[in-house]
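Before any questions on binding or motion, here is one chain by itself as structure tokens, the form predicted on its own.
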């Protein structure tokens, strides 16, 4: 897991270089097709990437995005009118039966289908009209890391190909990912403080809402910590009642639009004597937290999801080791999960 976390700057650079031409052509085709709805189908970490994709595509492209419920297709056999829809299946292995079934049915109902995967020979490439590849090499760790950020990257590339507005400058993403990796020793020291953590909450908002789900998933997979996840706004609508003295809250909070609500929550958590660990690049957020790691101040909120999840991945890997667990062999799990 740690080795694959450290490969992410190279994977980002390689994927941008290999896929950009294909995406430019795809973008022109989709703009001519006049797509007015995007549907995202995924499970697990890929579904967390899809949450980010929804925020990004709606904000950057102005096209409504729906997160698919695969059971609508696989269990209830519903028939949908998708003639002007783009349906995207996201799967690191490309072997998810339910995601591939959604793509098959969506094609039948008139949609243009797109697969995002790390495997060029997987079933998803056969049921999609077009495939976007993550150039990550084989991912051996059960906990997805480099394929997750590769999926986030493809949403940036797709947004750039679909929008007629100013493009998102992705040139510095590998550098930002490298900056996040430089925090590893600091993150390892912090993780050691949480060796006996059994429950926690992970919060994030906006572009990092999906990352709150992803970090919680990593903590459940590799550390067996019961981790709930919320937006910083939703957490104050009831779930705040679970917080008591020293209750751990992990907060993903870059400088940007959610800062006001982030600070409101952090102040309330301080009043409740909670233990709040923030991944941030804003000094006021860091000061309001029990402890924090600081990423470069120049990382915009728009580009924060990839570099900001990396300290979270490192935290989960090092916490697993501190608990004398093996993050590469989590109990009850396998790399590929088949559900219908």
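Positions refer to the first chain, counted from 1. No experiment lies behind these values; they were computed from the predicted model shown.
Same protein, other form: the form predicted in complex with a further copy of the same chain, not shown, and the subject of what follows.
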query: Based on heavy atom distances of at most 4.5 Å to a further copy of the same chain in the predicted complex, which listed stretch, 283 to 291, 23 to 31, 40 to 48, 307 to 315, is the contact stretch?
result: 40 to 48
Output flag, 17, 168 and 276 jointly within 4.5 Å of a further copy of the same chain in the predicted complex, heavy atom basis: no
- request: Note which of 231, 163, 101, 125 lies within 4.5 Å of a further copy of the same chain in the predicted complex, where distance is taken over heavy atoms; exactly one does.
  value: 231
message: If the cut-off is 4.5 angstroms on heavy atoms, which of these, 157, 250, 225, 266, is the one near a further copy of the same chain in the predicted complex?
response: 225
- prompt: Heavy atoms within 4.5 Å of a further copy of the same chain in the predicted complex: does residue 75 have any?
  reply: yes
- prompt: Taking heavy atoms and a 4.5 Å cut-off, does residue 62 contact a further copy of the same chain in the predicted complex?
  reply: yes
message: Is residue 195 near a further copy of the same chain? Define near as a heavy atom within 4.5 Å, in the predicted complex.
response: no
message: Is residue 207 near a further copy of the same chain? Define near as a heavy atom within 4.5 Å, in the predicted complex.
response: yes
message: Where, within 49 to 70, is there a heavy atom within 4.5 Å of a further copy of the same chain in the predicted complex? Residue list please.
response: 54, 55, 58, 59, 62, 63, 64, 65, 66, 67, 68, 69
